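Taking the form predicted alone, here's one chain by itself in structure tokens.
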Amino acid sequence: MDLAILYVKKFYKIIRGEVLVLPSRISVGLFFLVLIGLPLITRDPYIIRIIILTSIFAILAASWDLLSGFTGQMNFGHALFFGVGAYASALLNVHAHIPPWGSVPLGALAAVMAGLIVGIPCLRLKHTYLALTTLAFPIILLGIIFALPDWTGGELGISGLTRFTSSLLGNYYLHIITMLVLCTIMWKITDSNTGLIFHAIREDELAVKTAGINTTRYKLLAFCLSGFFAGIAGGLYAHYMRIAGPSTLEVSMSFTVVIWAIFGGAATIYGPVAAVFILFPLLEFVRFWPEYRTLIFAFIVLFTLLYMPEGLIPWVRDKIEKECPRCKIRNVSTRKTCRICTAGLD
């Protein structure tokens, strides 16, 4: 009992000293609580379905940011990893009768292999050439899928997959918790020494090489990690929708992911996640205006890019917080001195 009280006090101290001191951290905490408590407010199957799909696409958008946002390896074919994860999970589930708990991780490993296949020949390419080359891989895979309809289902895809659970709440919490855990892991990766090297490669790869760091290894690692998380998203999508089809490899999917990431704020992880939770439900809720749906989406994205070039979330964060010029710790914008080193913030 005393040990439990000690842990509660320690947790409260962390919350009070690390979370409640910044509006952005409070917002993240509220975001977690709202998602976890949503079924207590409504159990409308339509809303639950939208949030589940939003969570899956949030993992996909964050995985793109992990590769392109942090290392600068511009990937316009990110749907490849998503589609490989979806198709591999579907094939294992339908043909090998492996349950979702096994097929999704194995599908993610297949996406890691795809990351190696894409990463190795693309290592010597940069900028436009890299983007166009990565764009070709999903198209190549689509051709293979159409050429093997007996295995892949051709244009109809692979249907009849089993879900993780038939329970509405079970599906909701499974996808929500998976999204929160995976996005937290991706954020921790970018906040580690590995993430620092990723960021340095994006800023000046030659300087990183001069420092004695094997940039080839780290770029391959970024491709594989991005493929792994995107593959999990693809597997979750296939099993939830109970079908893996060519739509998971479409060029429009790749560009939509890029739009989400740029809209929310690249090289942040939380920016793309927030963008998906803003844009995807918005597009779903304006389906009753089909003639204006795309126009509304385009207007919102263009407005954000014009007036918030760094992305929506970094722009909002800079408005409500200040960075200390001495210790680089962030503070509430209303403070006059830093909460750590007491340096002036004006």
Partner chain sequence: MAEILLKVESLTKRFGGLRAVNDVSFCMQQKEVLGLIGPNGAGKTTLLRLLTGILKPDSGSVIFKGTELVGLKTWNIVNRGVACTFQNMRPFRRLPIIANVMVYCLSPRSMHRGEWVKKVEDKAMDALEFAGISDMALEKASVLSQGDLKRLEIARAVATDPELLLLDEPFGGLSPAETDLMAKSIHRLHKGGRFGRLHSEGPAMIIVEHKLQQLMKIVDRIIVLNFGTILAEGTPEEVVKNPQVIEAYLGKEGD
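Numbering follows the first chain given and starts at 1. For the two forms, the rigid core is made up of the largest set of C-alpha atoms that agree within 1.5 Å on superposition. Just so we're clear, the structure is a prediction, and the values are computed from it rather than from any experiment.
The protein also exists as the form predicted together with the partner chain; that form is not presented, and the subsequent description refers to it.
Task: Check all three, 127, 133 and 294, heavy atom within 4.5 Å of the partner chain in the model of the complex - done: None of them does, since no heavy atom lies within 4.5 Å of the partner.
- [ ] Mind telling me which stretch in 168-176, 208-216, 246-254, 224-232 gets its heavy atoms within 4.5 Å of the partner chain in the model of the complex?
- [x] Of the options given, it is 208-216.
TODO: Evaluate residue 156 for contact with the partner chain in the model of the complex, applying a 4.5 angstroms cut-off between non-hydrogen atoms, and reply yes or no.
DONE: Output for residue 156 is no: heavy atoms all beyond 4.5 Å of the partner chain.
- [ ] Give a yes or no for residue 242: in the model of the complex, does one of its heavy atoms lie within 4.5 Å of a heavy atom belonging to the partner chain?
- [x] The answer is no: residue 242 has no heavy atom within 4.5 Å of the partner chain.
Open item on the list: residue 200 versus the partner chain, in the model of the complex: is there a non-hydrogen atom within 4.5 Å?
Closed with: So residue 200 counts as contacting the partner chain.
Open item on the list: Taking the partner chain as it sits in the model of the complex, is residue 327 near enough to touch it, meaning that at least one heavy atom pair lies within 4.5 angstroms?
Closed with: Judged by the heavy-atom cut-off of 4.5 Å, residue 327 is in contact with the partner chain in the model of the complex.
Task: Sole residue of 116, 196, 140, 147 within 4.5 Å of the partner chain in the model of the complex, by heavy atom - done: Looking at 116, 196, 140, 147 one by one, just 196 meets the 4.5 Å heavy-atom criterion.
Open item on the list: Using a rigid core superposition, assess whether residue 25 undergoes a CA shift of 2 Å or more between the shown form and the other one.
Closed with: It does not reach a 2 Å shift.
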